[in-house]
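The chain below stands alone and is given as structure tokens, in the form predicted on its own.
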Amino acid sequence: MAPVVAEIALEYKDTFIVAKFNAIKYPEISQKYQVRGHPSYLVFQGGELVKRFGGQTPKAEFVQNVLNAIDVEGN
């Protein structure tokens, strides 16, 4: 999934930011956001968690999950 997420990050760099963190190195983040499985995806807007999803997600579905969760013109 990592190569697909990296591809999405490049393709949508003007629409949203993709970031990742090491759950083992920073367990407090996993705990704070109740990350239970991997991969897990958290969508934030304005500093607030607006959506979470996970697993092996097809590229189009991943993008649609993010776009549906954030306030993007034309969406």
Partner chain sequence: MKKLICSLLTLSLALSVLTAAYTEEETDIDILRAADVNADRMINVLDLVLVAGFLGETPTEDQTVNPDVNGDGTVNILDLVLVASYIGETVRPPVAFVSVDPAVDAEITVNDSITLTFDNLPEDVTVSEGVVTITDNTVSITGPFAPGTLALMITWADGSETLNYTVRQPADFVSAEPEISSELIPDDSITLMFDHPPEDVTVSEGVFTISDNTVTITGPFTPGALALTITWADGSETLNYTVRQAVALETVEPTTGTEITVNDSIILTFDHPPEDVTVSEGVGLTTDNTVTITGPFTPGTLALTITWADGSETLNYTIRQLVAFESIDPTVESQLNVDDTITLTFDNPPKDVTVNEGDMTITDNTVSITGPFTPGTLKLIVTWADGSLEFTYEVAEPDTEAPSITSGTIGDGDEGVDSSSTLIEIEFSEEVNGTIALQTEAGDDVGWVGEVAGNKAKLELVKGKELDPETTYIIAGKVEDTAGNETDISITFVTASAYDGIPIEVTDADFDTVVLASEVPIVVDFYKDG
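Positions refer to the first chain, counted from 1. If you're wondering where the values come from, they're calculated on a predicted model, not measured in any experiment.
One more form of this protein should be noted, the form predicted together with the partner chain, which is absent from this view; the next part is about it.
The partner chain is not drawn, but in the predicted bound form it has a heavy atom within 4.5 Å of residue 20.
Interface membership of residue 60, defined by any non-hydrogen atom within 4.5 Å of the partner chain in the predicted bound form, is ruled out. Residue contact with the partner chain in the predicted bound form: residue 64 places no heavy atom within 4.5 Å of it. Within 4.5 angstroms of the partner chain in the predicted bound form, the stretch 17-39 places a non-hydrogen atom from each of 17, 18, 19, 20, 21, 22, 23, 24, 26, 29, 30, 33, 35, 38, 39, taken in sequence order.
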